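Starting off, we have a lone chain in the form predicted on its own, written out as structure tokens.
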């Protein structure tokens, strides 16, 4: 039987994509696979993850009559991220745990940049401040067609951001593709139209290719 040698160095992996792309499922499958190899993991989602961040989440996602400014949305998203990074992500990495994130900094670039039309360079600087310079080692963009994403969601009551419509999701997807060009060493595109099991294998192959885990 082959023995596995596992690097104990902590890694930070984020999952990104439009609503309904399947990133939450893939984050869960990766955690299960890492746990089977006795690798400690810490799962986080955005917005949320701390008591302060969850309060911000409720403000961000609640449907209301009053329109929320795009700048307000961006600032709230990154405020939630700052608290999560300081209280959860950095301590977990320092403890040697792998952090698996269901959304992180690139969501702001895609949603508030591509979707809302805010300046990408300004958002990059805002993210740098909010994250204390903490960046994922690998960002996996699960790519699906917005129409397919909508079919997968099946929400009877979509939240404020999900209610923005297909054209909004198309802008977000386009921006994610641009982010892969902007950060080619960190961001990769994964075909989200495959089965969950096939996607998981492709992700695992990418992790091995980057030598995050050494199999012998």
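Numbering follows the first chain given and starts at 1. This structure is a prediction, so every number in the text was calculated from the model and none was measured.
As for the form predicted together with ligand ADP, it is not shown, yet the points below apply to it.
Not one of 13, 136 and 206 is positioned with any heavy atom within 4.5 Å of ligand ADP in the predicted complex. Using a 4.5 Å cutoff between non-hydrogen atoms, residue 102 counts as a contact of ligand ADP in the predicted complex.
Taking the partner from elsewhere, residue 174 is found to have every heavy atom lying beyond 4.5 Å of ligand ADP in the predicted complex. When contacts are judged by a 4.5 Å heavy atom cut-off, residue 25 counts as touching ligand ADP in the predicted complex.
By the criterion of a heavy atom within 4.5 Å, residue 186 is excluded from the residues contacting ligand ADP in the predicted complex. Applying a 4.5 Å heavy atom cutoff to ligand ADP in the predicted complex picks out 192, 194 from 170-194, in order along the sequence.
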